[in-house]
Ligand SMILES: NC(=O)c1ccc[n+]([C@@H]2O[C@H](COP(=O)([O-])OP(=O)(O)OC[C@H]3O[C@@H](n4cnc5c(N)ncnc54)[C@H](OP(=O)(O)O)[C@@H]3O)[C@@H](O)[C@H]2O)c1
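Next comes just one chain, in structure tokens: the form predicted alone.
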Amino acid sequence: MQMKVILSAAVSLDGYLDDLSPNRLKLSSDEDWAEVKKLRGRCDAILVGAGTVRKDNPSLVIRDEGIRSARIAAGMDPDIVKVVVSRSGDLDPDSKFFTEGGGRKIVFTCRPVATELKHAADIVVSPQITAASICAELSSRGYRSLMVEGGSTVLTMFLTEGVVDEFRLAVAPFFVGQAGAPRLVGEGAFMWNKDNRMVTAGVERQGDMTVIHLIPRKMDEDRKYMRMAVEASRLCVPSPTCYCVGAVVVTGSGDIYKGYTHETGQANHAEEEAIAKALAAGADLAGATIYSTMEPCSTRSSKPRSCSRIIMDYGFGRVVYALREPACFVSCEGDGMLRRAGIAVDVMDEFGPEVVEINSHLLG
């Protein structure tokens, strides 16, 4: 079972999670805090670091009856599972994390813990704690989604390992300006750097906060799925009236559906073929990614909806393609159409020459 990992953090304009005062710095507006609570309500489990438990003493309990009712209706436990990472195991079993809420509590630690803590939570002892091992353990228990709220050490661990599916970053409109205060992340070798940028999936305002929704682009995965799309396109029968295109749909739960031009019908485009297979399987396409060897069409004469319109109508979150559609038949504006709809678009032009070669019957 694949676990979805969502990171959520709020920072000042200069990138601090907190200041040096003894009290917790309030960064989020009321509107932003309400959205964070809703996001918690959609996850099976929530994870924080030991420092957060010691300093802030959070309960992490879902109290909103509307959210609790929605969880029950979705087949979830009304109480979220609470997870804390403490390499030393030095945690107070009387803190709100352990004493409040009816959900399961889990501690990941490297050392044996006090008997009182064993009575307060499930203890997972491992000589080395990693983001991947945490997710593997939680997934083995049947949990499908994890919200990670920090602090800095935990966020750094998940980001350096690349164990992230979504990143919600809320920015407060003020500065902290204290060099010793905790920052968003510490030093590390991050997968997402100047050569592998995250994808900005959306920006919104919550009160006076600016909330940035990021999708960490995983280049190895992108290349794998685009390679699948390229190989699918090779199954097309060359025609003087259409391109040979392959497409791959990857859902949020990791299911994969492939298709190619004219696979099941002479009027079908590759994106349609892959999407039709996903729909036939009952897949949830909200937020899914579609990989196509060519820019999705924006206009067509054979059917009322273009591929770009279909992608928008089913709520895809991201489109990745290899080659802009040449102006052999129409002037394609799929890229701009998708971006204006708020869908993240990436171009993997490293596959472009191969796509041209596959379509040599039209492109020479």
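The shown structure was predicted, so the numbers you read here are calculated from the model rather than taken from an experiment. We number the residues from 1 along the sequence you see.
From this point on, the text means the form predicted together with the named molecule, which you will not see here.
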Per contact check vs the named molecule in the predicted bound form (non-hydrogen atom within 4.5 angstroms), the hit among 231-239, 251-259, 280-288, 145-153 is 145-153
Listed residue (T99, T264, T115, S88) with a non-hydrogen atom within 4.5 angstroms of the named molecule in the predicted bound form: S88
Which listed residue (A50, A45, V320, M337) meets the criterion of a heavy atom within 4.5 Å of the named molecule in the predicted bound form? A50
Run the contact test on A9, L27 and R54 with a 4.5 Å heavy atom cut-off to the named molecule in the predicted bound form and return yes or no. yes
Does A74 reach the named molecule in the predicted bound form, with heavy atoms at most 4.5 Å apart? no
Flag V211 as yes or no: does it have a non-hydrogen atom within 4.5 angstroms of any non-hydrogen atom of the named molecule in the predicted bound form? no
Please check if M348 has a heavy atom lying within 4.5 Å of any heavy atom of the named molecule in the predicted bound form. no
Should L138 be counted as a contact of the named molecule in the predicted bound form, where contact means heavy atoms within 4.5 Å? no
Looking in the predicted bound form, the residues of 122-136 with a heavy atom no more than 4.5 Å from the named molecule, listed in order, are I129
